[in-house]
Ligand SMILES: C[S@@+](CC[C@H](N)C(=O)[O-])C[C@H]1O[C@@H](n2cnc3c(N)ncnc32)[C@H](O)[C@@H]1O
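One chain follows as structure tokens, the form predicted on its own.
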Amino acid sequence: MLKKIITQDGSFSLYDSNLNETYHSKKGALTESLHVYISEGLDYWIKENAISGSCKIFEMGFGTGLNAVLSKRFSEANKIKVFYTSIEKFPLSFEEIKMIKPKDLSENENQIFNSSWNKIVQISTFFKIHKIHDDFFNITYKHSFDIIFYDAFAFHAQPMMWSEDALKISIDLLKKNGVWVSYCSKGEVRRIIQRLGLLVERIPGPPGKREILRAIKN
């Protein structure tokens, strides 16, 4: 069962009683997403690849769609073309999304939620999205990506998503010099990513989280 919660920065998230897990940090859903995925993921990649006017992002777990909305806003503010792909095995219903989506969405940002699954949709001049309704383990991916947002539920709730098999799939999707980023800082996950050949950094996390992981594919 899903329950709406208000996190400490005033933004909304969901609590899943079956998993005993929230979709975002209780310290702040918006704050967490902006820090982990936009600042330490997308913005970091752009600064390291200044000559590029476009990038491809893959998100493991569409969830509430917050990371997609924030990436769309970043793309327009910085005039960077972003092709955003996200996979979700259990999409939220329209009613569940309506409960927790940001209140200040523009008309085209609402399209992120209202657009069809399994179809590439041009949201704005700088942002297009492909939401895949499927199992992460069951499909053949047609693209490689500059950035991976690895946003599965926490290790204790979804241990399979933090296994070497799962992490290897995500890392195989990365281009050379691509960035893999996650709120997770678990030592076991860090060691797996290192074994898979990436340069792993432990960097400061958002409020309530001492560290997060970012990795570069050489």
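Start at 1 with the first residue shown and count on from there. From a predicted model like this one, the values you see are computed outputs, not experimental measurements. If you superpose the two forms and keep the largest set of C-alpha atoms that fall within 1.5 Å, you have the rigid core.
Not on display, but discussed next: the form predicted in complex with this ligand.
- A heavy atom within 4.5 Å of this ligand in the predicted bound form is found for exactly one of 184, 55, 167, 152: 152.
- Checked against this ligand in the predicted bound form, the candidates 34, 189, 60, 174 yield a single residue with a heavy atom inside 4.5 Å, and that residue is 60.
- The stretch that touches this ligand in the predicted bound form, counting heavy atoms within 4.5 Å, is 153-161, out of 189-197, 174-182, 153-161, 38-46.
- Looking at residue 88, you'd find a heavy atom of it within 4.5 angstroms of this ligand in the predicted bound form.
- At the 4.5 Å threshold, heavy atoms of residue 65 reach this ligand in the predicted bound form.
- The closest non-hydrogen atom of residue 141 lies beyond 4.5 Å of this ligand in the predicted bound form.
- In the predicted bound form, residue 135 approaches this ligand with a heavy atom inside 4.5 Å.
- Residues of 20-59 placing a heavy atom within 4.5 Å of this ligand in the predicted bound form, in sequence order: 23, 24, 59.
- After superposing the rigid core, the C-alpha of residue 120 moves by less than 2 Å between this form and the one not shown.
- Residue 139 shows a C-alpha shift of 2 Å or greater between this form and the one not shown [criterion: core-superposed Cα displacement of 2 Å].
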